[in-house]
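Heads up, what comes next is one protein chain in two forms, each shown on its own as structure tokens, labelled structure 1 and structure 2.
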Structure 1
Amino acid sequence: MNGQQRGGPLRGVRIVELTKVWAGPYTGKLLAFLGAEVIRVESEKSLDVTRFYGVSDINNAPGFKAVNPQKLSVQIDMKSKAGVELILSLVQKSDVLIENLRPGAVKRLGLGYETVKNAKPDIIYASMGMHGNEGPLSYQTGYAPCFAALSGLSSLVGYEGQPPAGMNVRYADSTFGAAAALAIVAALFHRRHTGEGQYVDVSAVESMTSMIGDSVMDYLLNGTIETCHGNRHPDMAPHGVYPCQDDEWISIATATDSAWCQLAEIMGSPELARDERFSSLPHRKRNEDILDRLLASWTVRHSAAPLANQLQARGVAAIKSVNSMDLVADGHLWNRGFYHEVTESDGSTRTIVGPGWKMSRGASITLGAPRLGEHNAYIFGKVLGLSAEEQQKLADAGISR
């Protein structure tokens, strides 16, 4: 149960989460995967929507389980005075607090930075908001696709000449969460060496802008406002996603003239590579509509995966555009342990999605997401040192419900 036994670079770091839905919990998950002991403060009165949305059992909610493996759960009613005091005493035993509640909510609860800092002067307090915690627009709220829209990112995704379509609706929360995790670890580093904690204010919208920094640079440098351009790339052609048999698609990116020659040969049309219209990148860019049509009329006669293999064998960057079935069946991801088993609180096993890294001395990731209040006894007893009698009082008063 204690982080010390799992190893990893953040072993011994204790983190308190006052988070909801995806972005904040994702931050906690990454830190737990790095070895921190991450404690979710929850209560029946203000449950995370992912614990009950579309399910009958709050301890068996697939969405919640997806983003909260390897964490602990303690029940504290943060809307009661005694609950707030209890949270403050938990913070005194912790290194980091993460919150992504609505703008101003933590302050109203009596858990704003100044209050928490009074209780624990060297706390690292990470606040996550759509626009960050301050500024003229910080009152505004939104969900993940709003972050992407506001950041400039959505305007770059779409078909040429059409309104922007944006990334998939699921995009943004997890990236925002990862940016917050990085800032927290940098703050931990600073604290380890100076003893100083601090307030970390993370903006979802700015996190998204960081994912298109070079496009923004184009505007700052040349005044160019990029728009969406389908699947085209200024320095590669062909570069796109092409139809295959059975409604499959293949992504092909041709970075060099020689890769293009190989592609033309595999197409059975080596003359295309010598064709004046396609002989060099500028020529291919100029005639890209025809080029894409020619390529698509060839790919559509093939099955995506074998075609990708054939192209790979000749050095052409080509990979099937994988659907959800392909993704969960991806042998490479299984072989690398990206999907791996953890143990649930009832002793059963469950497959989870691991982190995007491997480390020679990483933390072991062995536990599923916690039941509501699964670690009450550990947190109240071991961490806070409350007697059985005191714990019973909390329960009777409804503080730990």
Structure 2
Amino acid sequence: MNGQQRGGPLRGVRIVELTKVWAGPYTGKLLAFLGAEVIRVESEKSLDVTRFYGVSDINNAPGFKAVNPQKLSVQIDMKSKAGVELILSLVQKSDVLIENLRPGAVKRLGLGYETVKNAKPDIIYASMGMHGNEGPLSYQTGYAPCFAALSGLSSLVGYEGQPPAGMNVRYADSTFGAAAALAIVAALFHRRHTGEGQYVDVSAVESMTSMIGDSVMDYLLNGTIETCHGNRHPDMAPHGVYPCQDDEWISIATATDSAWCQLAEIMGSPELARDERFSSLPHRKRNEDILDRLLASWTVRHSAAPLANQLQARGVAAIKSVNSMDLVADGHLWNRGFYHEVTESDGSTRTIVGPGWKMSRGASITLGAPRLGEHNAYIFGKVLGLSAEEQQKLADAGISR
């Protein structure tokens, strides 16, 4: 159970997680992958929706398992005075607290930053909200589609000349969660050098807006309102997804004139590289509709995977568009350790998506998501030092259920 045994840059760091749904738990997941000991505070009275959505077994919910591997679970009723005192005791033995509850909820519970800071002066307290905790909109709450829409990102997702199609529902949560994790790591680095904790206020909308900083600055400086442009790229042409045989698709992008020349040769039409309409990037951008039609009429006669391999061999960026099964079967991802085998509490094993980084001294990732309250004895006994009798009293009073 000791986080030190797992290694990683955050070995020895203990994190208390008061989070729900996806973005907050995703933050804890990334920090657990870096070696931190992440403790989820849960209770039967206030279950995370991902524990029961679409399933009858709260310990076997795919959504919960996807975002909570390598974590510990302790049951504490945080709506009770005794439960709040337990959490504050746990904070005193921890380094970070993460919360993404509804605006004002932690203060009403008695777990606001000032209270927690009094219990642990050098605590790093990360609060995650749709608009952060300051300003006229800080009272609002929302989910990933709201984050993406209010940030401006969703207005750019769609095909040219058509209304915005909206963003993938999970992208905003994972991006917001990653931003919070990065901020926490920075705060830990700061504390290591100064001894100071800090309050980290993370806004989902601001996090998402940072993903389209170029579009925002173009508007602020030039008044330009960017619109949907499908798969096109301002500095590449061609840059798109094209049909292939058997209802497959291929992504092709050329960033240089030389790459375009190679593509034209593979197409069996080297003269296209000399065609005035396509001889340089500005010309290709002006004639992109024609260029895309030419490519589509060529790719549709080929199978996607072999064609991608042929293009890659000649230095042209290309890849078959893949589905979930393709990703799971991808040998490159397996060889690079992208997938990890973890052990569930019942002894079974399953495959999970691991971290998006490689480290020479990374943390081991061996555990699946926890059962509700699976680590009560460890947290109450070893971490908080409560006797068996004291733990039984908590259970009898409903504080640890």
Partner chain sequence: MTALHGIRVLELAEGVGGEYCGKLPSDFGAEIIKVERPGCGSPTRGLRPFANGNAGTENSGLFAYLNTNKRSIELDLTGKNGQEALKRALQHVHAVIDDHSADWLAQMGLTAEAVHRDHPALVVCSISNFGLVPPEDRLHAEDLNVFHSSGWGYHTPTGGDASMPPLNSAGRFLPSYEAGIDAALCVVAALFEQTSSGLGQFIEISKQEVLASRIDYVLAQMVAGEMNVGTHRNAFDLTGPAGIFPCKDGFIYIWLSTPAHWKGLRKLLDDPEWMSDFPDNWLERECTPERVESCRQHIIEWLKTQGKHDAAEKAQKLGVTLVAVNNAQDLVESPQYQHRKFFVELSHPVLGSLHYPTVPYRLSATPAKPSKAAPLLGQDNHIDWQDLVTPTRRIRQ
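Numbering runs along the sequence of structure 1, starting at 1. Bear in mind that the values here come from a model prediction, so they are computed numbers and not experimental data. Each form is matched to the other, and the largest set of C-alpha atoms that superpose within 1.5 Å is called the rigid core.
Student: Is the form predicted on its own structure 1 or structure 2?
Tutor: Structure 2, not 1.
Student: Checking Pro136 here: with the core superposed, does its CA move 2 Å or more between structures 1 and 2?
Tutor: No, the C-alpha moves less than 2 Å.
Student: Note yes or no: does the Cα of Tyr219 move by 2 Å or more between structures 1 and 2 after the core is superposed?
Tutor: Shift at Tyr219: 2 Å or more after core fit.
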